[in-house]
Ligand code: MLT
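Listed next as structure tokens is one chain, alone, in the form predicted alone.
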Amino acid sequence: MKIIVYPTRHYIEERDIKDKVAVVIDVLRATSTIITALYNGCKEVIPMAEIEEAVKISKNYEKDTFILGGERNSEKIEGFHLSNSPGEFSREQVEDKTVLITTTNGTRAITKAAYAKEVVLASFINITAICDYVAALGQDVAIVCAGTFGQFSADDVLVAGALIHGLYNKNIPIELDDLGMTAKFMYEHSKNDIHGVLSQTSHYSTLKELGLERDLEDCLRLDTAPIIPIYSDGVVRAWHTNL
């Protein structure tokens, strides 16, 4: 199994990922939020790059059948129902509804990865389920980190490292690129103090300064939402697994 880790979506091209399984990561916070919404029973999630696109598509839905969620620069979009905090996407809020979501980094990474053979979403909260799923597929993998404003983001790379670490523990023969090796090393030396390590990074610090400590707790827990979110034809749906 060959694994390539992309530090941001800007590094991926159609030709590079079209024959691979893409694992998209935006742990703080888009993939964590989408996974949470699906785990709490929403019908589907439609990630979009632009605010205007989300508003336009929402007009195709009847009232009370959809949720508009998202953020720009870590703050809720004016006129939207919810922001991008996993805790807001409770079962009471989202069950049986379609979630339309747009974020600064994560949803753009998801839509950019659409060229891959298959696209799944990962975070710490479903990392073991994703690891089991990727191992069962046995195909080459492109791990797409969303990054932050086009820059490398350590939080996403730690999740990539957690996935690689889990695959190694299954004794799967793996060929890694340099960033994959770095991600694995980072995770293995940080796994007992994820908050402590990330507290020194800009993205984590920004969310904390905005008073979003609960989001940090929700996003960095392990295996609280063990589902496989699969992105296909513009929509993310949950595939529940007993692997």
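Given the structure is predicted, the values throughout are model-derived calculations rather than measurements. Note that residue numbering follows the sequence shown and begins at 1.
Below, we refer to the form predicted together with the ligand, which is not included among the displayed structures.
* So in the predicted complex, are E71, G106 and L207 all sitting within 4.5 Å of the ligand, heavy atoms only? -> Yes, each of E71, G106 and L207 comes within 4.5 Å of the ligand in the predicted complex.
* To do: Decide whether S123 counts as a contact residue for the ligand in the predicted complex under a heavy atom distance cut-off of 4.5 Å.
  => Answer no; every heavy atom of S123 is more than 4.5 Å from the ligand in the predicted complex.
* **Distance check, K184 to the ligand in the predicted complex, heavy atom within 4.5 Å** => Judged by the heavy-atom cut-off of 4.5 Å, K184 is well away from the ligand in the predicted complex.
* **Contact flag, I35 vs the ligand in the predicted complex, heavy atom cut 4.5 Å** => The answer is no: I35 has no heavy atom within 4.5 Å of the ligand.
* Asked: Out of 45-53, 191-199, 26-34, 175-183, where are the residues with a heavy atom within 4.5 Å of the ligand in the predicted complex?
  -> Result for this chain: 26-34.
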